[in-house]
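As a starting point, one isolated chain is supplied in structure tokens, in the form predicted on its own.
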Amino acid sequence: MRASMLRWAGVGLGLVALASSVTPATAATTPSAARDPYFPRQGNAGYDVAHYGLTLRYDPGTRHLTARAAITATATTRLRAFHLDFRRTLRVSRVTVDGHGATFTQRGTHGHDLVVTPAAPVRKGDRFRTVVRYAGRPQAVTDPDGSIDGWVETEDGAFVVGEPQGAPTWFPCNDTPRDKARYDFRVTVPAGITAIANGELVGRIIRHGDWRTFRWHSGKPMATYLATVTTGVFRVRTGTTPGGILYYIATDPKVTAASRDVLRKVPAMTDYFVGLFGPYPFGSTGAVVDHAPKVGYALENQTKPLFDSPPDELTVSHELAHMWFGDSVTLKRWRDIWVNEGFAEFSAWMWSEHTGQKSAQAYFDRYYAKKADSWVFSPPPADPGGPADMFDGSVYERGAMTLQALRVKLGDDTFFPMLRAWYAAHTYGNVTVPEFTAFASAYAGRDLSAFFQTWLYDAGKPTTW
């Protein structure tokens, strides 16, 4: 995320047993254990979501959303009541658990919690299905760094991006990267509008009067912050990369001409990263370029990276590389954002090198030449300090420099096989920075702790490593 925001700035860029009526014997974990310190109101313990079935009807003219969310999960503790992350800007009308009516309330200081009490407690180990019906006008949220995410209205629809806290603006969920699930989307919009979601389009578009229904299926595990149902007027191009991967590319007519040349490179970029990192983790690749001037950044929505305006080549390659690092291999805690962003930025440097443009070492030299007090070096990538700084330029550029310095230290014959092994070992999983540094040391057969301390944790400009 935020790659294009940084470049424009001149950088180059659940269900938890947690209710007053729940006794310690039926509670899951405490909020402090279940939730991320950077975003303590997000995420819940006590269950594991397997599938979201989202049925939405959106009218861009009135900005009104009518929706139904069917959430299939397994209880990891006995649940007398549970929470879902959901913003109060959308009003819930009915909730059922396994077909039986449940009581519910929308509460929370920031309107974050939907508290559900089923007719009977859910036993530990049971698989259960919660259906939530709701409606209203979705609203974007402002992040600690001043940017917005969630359901962002555009002239002809909505630009839907979720990192780091936007998913609950449009569907009830367990909004933590650690609880990945599969998704099915059924999105109905007026004729002339296209609805784009993650995964692959299922069957033909259903026509009924002046409305059209698009069905999308995302069959691989996905974090909530990577889900989208972006809508608007789009020109769509589909096909298959030379390596055999399906692609779906959509552009707002306002930006089609300006985006055409760089989007033609999406198939080649995808196939290049397959060769560099390993098998493509999802059923399709692609890109969506909208006209969304309120946003100011791009995001790697799974299988469908979103761009708010015509992107440059470095940004497109950055977001596509996230399909491996960020979407398939995903951070476990938000402070570990380097395992997403540093890897994606280094990958963009590698695409540049591969195509005969600036080499990864040239990018390294360019940034390393900056003064010690430059934004490039602070905060350290593995310790941003808080949610307001987690997308700072140093996480991207010093983060990518870390990998290039490690490449030089280990040599290509060790470094790139190590990256492929890391990806293979954690495909569809969640990781931390310490897990990667330990993995790299073990793979290389040498202690790299001092190297990583210097590049990832120490304040200021690294001088020896």
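All of these numbers come straight from a predicted model, not from anything done at the bench. When you see a residue number, it is the position in the sequence shown, counting from 1.
Beyond what is shown, the protein has a form predicted together with tryptophan; the following relates to that form.
Note which of D308, D156, D143, D179 lies within 4.5 Å of tryptophan in the model of the complex, where distance is taken over heavy atoms; exactly one does. Only one listed residue qualifies here, and that residue is D143.
Answer option from H322, K304, R87, H83, heavy atom within 4.5 Å of tryptophan in the model of the complex: When tryptophan is considered in the model of the complex, the option within 4.5 Å is H322.
Residue stretch of 95-103, 203-211, 359-367, 311-319 approaching tryptophan in the model of the complex, non-hydrogen atom distance within 4.5 Å: Only one stretch passes the 4.5 Å heavy-atom test: 311-319.
Taking 4.5 angstroms as the cut-off for heavy atoms, does V289 touch tryptophan in the model of the complex? No, no contact at 4.5 Å.
Answer yes if any heavy atom of F391 is within 4.5 Å of a heavy atom of tryptophan in the model of the complex; otherwise answer no. The answer is yes: F391 has a heavy atom within 4.5 Å of tryptophan.
In the model of the complex, does T77 have a heavy atom within 4.5 Å of tryptophan? Because no heavy atom of T77 falls inside 4.5 Å of tryptophan in the model of the complex, the answer is no.
When the contact criterion is heavy atoms within 4.5 Å, does Y396 count as touching tryptophan in the model of the complex? It does: once tryptophan is placed as it appears in the model of the complex, Y396 has a heavy atom within 4.5 Å of it.
Residue by residue through 294-311, which ones have a non-hydrogen atom no more than 4.5 angstroms from tryptophan in the model of the complex? Sequence-ordered list: Y297, A298, L299, E300.
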